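One chain comes next, on its own, written out as structure tokens in the form predicted alone.
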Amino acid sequence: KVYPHWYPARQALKLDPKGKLLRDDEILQNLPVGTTATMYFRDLGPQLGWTMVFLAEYIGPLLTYLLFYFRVPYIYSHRYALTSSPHPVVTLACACHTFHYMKRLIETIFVHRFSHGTMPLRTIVRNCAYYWGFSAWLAYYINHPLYTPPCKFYGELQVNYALVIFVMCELGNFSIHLTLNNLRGDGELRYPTPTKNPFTWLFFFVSCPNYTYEVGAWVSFSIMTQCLPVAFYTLLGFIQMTIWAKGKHKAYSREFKDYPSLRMAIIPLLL
């Protein structure tokens, strides 16, 4: 009350000035201290809840891409302002990109369950720069007047197969998020397992199939557009999601003694 700007979410405590921050769920009786303890306070800076974090990260790419698709003035040459691409794959790519981020926004609002955790404002700015910046980079090349679609001989087949894979991966990703949401809603501490939904059967082989499907969606988008910046963005996303998946896989293995040994982190039988 004396310092209202230091609300609980931006406060952190440490037992040693150079030590790790104490977790919110740690109990004083279980800490390595005697009858008296000295706590060191750290201000974590302005914080935002996870719902606002994801909304900020996903709204940007959705709107940024559409600016390039509709070719608003001053993005490309003036004679191309407010024109449309003659290539059907450009419109298809816009529909897929829009669907992807609309799905993410809907999941953020209606599906995901967030704890009371927060993210520092400076980290949010960095994340938004990543998502918004890459979205603009991809959109610039895909919607460029000089964009060349996949070759006319196998291009239509390539685009159609990529579209099918994209839709399957998006459905799979949504199914996994629903399963994880139901798991957290039970209140019982257990690891995720496959359900009657065939998309969840990937849990037989990997710990984080939501990341597997996410990577699959972006790989198919890369094949569909045949655009090098999309492939580079997919590679960066795969590296980051692999790090997250490995961390989650280790946590599951450490927490549950009966955790299936066949499961890998993100790629079945490999990684």
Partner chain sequence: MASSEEDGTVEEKENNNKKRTKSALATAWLTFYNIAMTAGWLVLAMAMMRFYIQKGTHKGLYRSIARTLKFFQTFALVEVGHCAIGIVRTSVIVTGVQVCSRIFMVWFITNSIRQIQNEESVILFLVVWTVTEITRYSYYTFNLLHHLPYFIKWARYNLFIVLYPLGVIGELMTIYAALPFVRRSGMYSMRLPNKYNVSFDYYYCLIIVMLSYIPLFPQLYFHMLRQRRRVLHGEVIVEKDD
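Numbering follows the first chain given and starts at 1. Just so it is clear, the model here is predicted, and its values are computed rather than measured.
Heads up, the form predicted in complex with the partner chain isn't pictured, but that's what we're talking about next.
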Considering only heavy atoms, tell me if T148 and the partner chain come within 4.5 Å of each other in the predicted complex.
yes
My question is simply whether V53 lines the interface with the partner chain in the predicted complex - judged by any non-hydrogen atom within 4.5 Å.
no
Report whether the minimum heavy atom distance between Y141 and the partner chain in the predicted complex is within 4.5 Å.
yes
Give a yes/no on whether R122 approaches the partner chain to within 4.5 Å in the predicted complex, heavy atoms considered.
yes
Within 4.5 Å, heavy atoms only, which of L228, L235, I243, M39 is in contact with the partner chain in the predicted complex?
L228
Would you mind picking out the stretch of 220 to 228, 204 to 212, 59 to 67, 235 to 243 that comes within 4.5 angstroms of the partner chain in the predicted complex, counting non-hydrogen atoms?
220 to 228
